[in-house]
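Only one chain comes next, encoded as structure tokens, the form predicted alone.
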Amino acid sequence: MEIYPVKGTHDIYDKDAYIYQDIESRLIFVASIHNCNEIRTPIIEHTNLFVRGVGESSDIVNKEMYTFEDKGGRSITLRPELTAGIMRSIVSNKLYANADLPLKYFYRGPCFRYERPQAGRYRQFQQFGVEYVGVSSYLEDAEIIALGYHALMVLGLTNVKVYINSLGDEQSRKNYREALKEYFAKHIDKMCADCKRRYEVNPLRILDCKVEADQEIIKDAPKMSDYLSEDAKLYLNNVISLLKEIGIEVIVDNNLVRGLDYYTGVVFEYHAEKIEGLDNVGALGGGGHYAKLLKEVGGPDLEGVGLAFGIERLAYVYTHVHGSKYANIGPDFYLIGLNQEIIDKNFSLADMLRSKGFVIDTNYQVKSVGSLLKLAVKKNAKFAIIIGEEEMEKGRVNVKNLRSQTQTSVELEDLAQTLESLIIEYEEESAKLALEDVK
């Protein structure tokens, strides 16, 4: 009986694995140049961490968590997001005690949510994010938003816009919640079950409803901007001004609330628009400021700001934009031995070439040179290194360019140096061909 993958999960291999590695390495690079250190936390946490941290009114806690009881009778949850776990780690390890603030961490790893699978969204998904903890200025909010924006630029995703809003300070949110309850009281009977639950627990969550009929009601709801205190307005405007100063396009979206209850103050999302062939990609990522999250999980009263990207969503767009560059991934050289004695000797030759940084594959079975050259092409090798009895006797090898079909005879003692030159020439030629394709 064939065993299928669990619905909402997927295997990542071959070309897709290269794409994920490429995306993650670029995100790590951008986080690192902002002096962020890596932090890794467990996939499982006590359930009450997410109830307290993420919030009881969120869809994540109410409908999407994978929760089970362990053998000790404890309620355990597969993490639905990583920020709460990062806060727990900061508290558990007292990372705030002897460090200059803010703490700056990046993270990556799998998360689990029981939601409807769709393009670029799965029930097990990979997340990358950054957290600044111990934040005391709008400058740090602006920096982390810029970090995410520049990360998308490094991924080559252009036409990115930042959507931003403010959930205000505590008094602003209190006044706004009251205004929303008063407005939705006249409509709630006609709205979806989720909206009815949100109305009782946290009416701000109603603004995030995706039901079309409810959206018609929501569009005439009071706007958060009308209830912001002067300090909250100034904070938001300072963040926007800083971003515009460095050339980041910002759009204020009064209905943007994000899906997590711990956000306070500035919240934001990144949207890539006008990607040819892709419609309604949705948010590539987002985040926001949180005032009480660390304290909520038992730590000191330190504010923070963070962002997160779903790697699957990024890969979906990235593959569409750059997928052709991964079409020919393969070894630099396919090392061919034409008899068993040569194949045995090629074992150490391959090891030496790998130690020089070349990507090498080789044959361990005796086959015809024609079939091995076909295999080298199938593996997308750039060159084949062919060694037969005559070459072995003369201490030479034949190196064949599998794109141009030209062949060069090389002394074994000069092999590594020659291969390096051939790879440089190959890459230069590839760049020229790519430029011609664009023209």
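It should be emphasised that the depicted structure is a prediction, and the values quoted were computed from it without experimental measurement. Note that residue numbering follows the sequence shown and begins at 1.
This protein has a second form, the form predicted in complex with a small molecule, left out of what is shown; the following refers to that one.
Among 151, 239, 335, 307, the residue placing a heavy atom within 4.5 Å of the small molecule in the predicted complex is 307. Of the residues 223, 121, 233, 367, just one reaches the small molecule in the predicted complex with a heavy atom at 4.5 Å or closer; this is 121. In the predicted complex, none of the heavy atoms of residue 165 sits within 4.5 Å of a heavy atom of the small molecule.
Contact check for residue 214: every heavy atom lies farther than 4.5 Å from the small molecule in the predicted complex. Residue contact with the small molecule in the predicted complex: residue 143 places no heavy atom within 4.5 Å of it. Residue contact with the small molecule in the predicted complex: residue 341 places no heavy atom within 4.5 Å of it.
Residue heavy atoms within 4.5 Å of the small molecule in the predicted complex occur in exactly one stretch of 246 to 254, 309 to 317, 342 to 350, 206 to 214, and that stretch is 309 to 317. The three marked residues, 6, 66 and 79, fail to reach the small molecule in the predicted complex, with no heavy atom of any inside 4.5 Å.
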